[in-house]
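Presented below, as structure tokens, is a lone chain in the form predicted alone.
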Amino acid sequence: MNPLTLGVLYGIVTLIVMFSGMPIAFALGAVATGFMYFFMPAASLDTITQNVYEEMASITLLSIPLFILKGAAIGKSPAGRDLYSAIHAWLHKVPGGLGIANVFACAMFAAMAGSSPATCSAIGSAGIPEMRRRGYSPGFAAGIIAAGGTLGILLPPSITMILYAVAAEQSLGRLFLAGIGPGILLVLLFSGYAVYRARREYKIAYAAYQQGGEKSAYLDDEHFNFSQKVEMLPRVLPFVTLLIGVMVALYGGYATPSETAGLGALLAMVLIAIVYGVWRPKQISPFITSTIKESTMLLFIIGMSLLYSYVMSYLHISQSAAQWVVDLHLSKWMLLSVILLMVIVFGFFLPPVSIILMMCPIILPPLKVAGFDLIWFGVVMTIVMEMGLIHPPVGLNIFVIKNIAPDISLKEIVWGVFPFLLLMLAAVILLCIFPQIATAFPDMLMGVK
């Protein structure tokens, strides 16, 4: 059986097993083991444990549980709520200021947690009720939190980018830096839409009130005096300091990503102990339990995905698929469009972790031959995978929002996130036209490659 035929069979069997309802890690491991049994030497089965161990024995992957612990400590304490409240107090005078506050809170929390669902849950649990209490439509309130949560896999420290750096064999520090410019771009696009949408909803509410309708909370004039604003800062500043300190340690060359993750996790635990008095074993237990569960799940998926990729490589499936793409002789930008379309389709069914580990061996060689910067592509791919987090049928962030706001219908959430999908698409187009948005910052701090 030739490699391409074998590759088609490999893909079909993988889809069948995944659609059977088997968890992703078990599905990938079962398919890889089955193909090892039928198409590889019998002795290869004896090396499964060794292969998985060797693939996962990466110092870069060590940072994942530590970043998860940092995110859990901040996300499951009142830090996320206080961060949101402080930003809202300072931005309440701006049209759509509450929406902008949620975007900024999501961005800052994402930069501390590195997880999209954690960002959605931490900021959404406070932000959605507040926006709805002040008259924001349910779809808009849900959409802006779901979209803001996606920043968790783009802004450093991003767990998804850590995996891409491992799979693509690229510098993690450079990749983290490359995510900052596009992250700021998305924050600005989301904030701009929040202003536009809030003004539109305000006009509708005002017109309805003028015609004798009920007065919307949109029309209430909320006020924070300067002393109230200043009072909110002491609880927020330590965590902002933590964020800045971690970034300085990482990009200043004072610590490796793993050391930075350990430092961030330790300081986060110390801060919640000092600021919120969370230090007793009973109080810390949820953070540790959550970290162990999420880390175990994620690392198990990574291990099985790496075994899956190893089998693809051994059977020459990934090499043949990459060569087949090259032999199509597509133009540079048509090749990129086809590959990103594949990422979007995979995003309908798979989380970013699986997409990266399954697709990188196939798509990166043709992109490299075509002359694309793999750091730049990692950022573009991450934004496209962000879109997968907020579009059906899987759309993880959609279901996180549904969980924290069960009274908002799924239809309202889906329509609420749709404008943000268009904004993300616009960001991808801008990155293609102006790649310096992603590459300028790492080139400036780390030198041109």
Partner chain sequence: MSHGFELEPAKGPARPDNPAVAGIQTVLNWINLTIVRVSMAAMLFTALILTYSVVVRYFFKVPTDWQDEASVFMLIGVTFFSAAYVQSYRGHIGIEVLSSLLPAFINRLRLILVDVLSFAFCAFFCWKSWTLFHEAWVDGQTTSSTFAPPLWIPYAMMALGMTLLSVQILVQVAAAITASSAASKARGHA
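Positions refer to the first chain, counted from 1. Superpose the two forms; the largest set of C-alphas matching within 1.5 Å is the rigid core. Keep in mind that what you see is a predicted model, and the values were worked out from it rather than measured.
Keep in mind the form predicted together with the partner chain is missing from the figure; the text below concerns it.
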Inset, instruction - Tell me, please, which stretch of 327-335, 102-110, 144-152, 255-263 lies within 4.5 angstroms of the partner chain in the predicted complex when heavy atoms are compared? - result: 255-263
Inset, instruction - Find out whether any non-hydrogen atom of V428 is located within 4.5 angstroms of the partner chain in the predicted complex, and reply yes or no. - result: no
Inset, instruction - Tell me, yes or no, whether S20 is in contact with the partner chain in the predicted complex, where a contact means a heavy atom of each within 4.5 Å. - result: yes
Legend entry - Partner contact for P78 in the predicted complex: the partner chain, 4.5 angstroms, heavy atom: yes
Inset, instruction - Indicate whether the partner chain has at least one heavy atom within 4.5 Å of a heavy atom of I24 in the predicted complex. - result: yes
Legend entry - Heavy atom within 4.5 Å of the partner chain in the predicted complex - residue from V230, I292, A207, V345: I292
Inset, instruction - Could you check which residue among L83, I339, I302, M269 gets a heavy atom within 4.5 Å of the partner chain in the predicted complex? - result: M269
Inset, instruction - Would you mind checking 330-345 for residues with a heavy atom within 4.5 Å of the partner chain in the predicted complex? - result: none
Legend entry - R280 C-alpha moves between this form and the one not shown by 2 Å or more, core aligned: yes
Legend entry - Core-aligned CA displacement of V417 at least 2 Å between this form and the one not shown: no
Inset, instruction - Verify the C-alpha shift of Y193 between this form and the one not shown: is it 2 Å or more after superposing the core? - result: no
Inset, instruction - Work out the direction of the Cα-Cα change for G264 and L374 in the predicted complex: closer or farther than in this form? It's 3 angstroms or more. - result: farther
Inset, instruction - Have a look at P156 and M269: in the predicted complex, are their Cα atoms closer together or farther apart than in this form, given the change is 3 Å or more? - result: farther
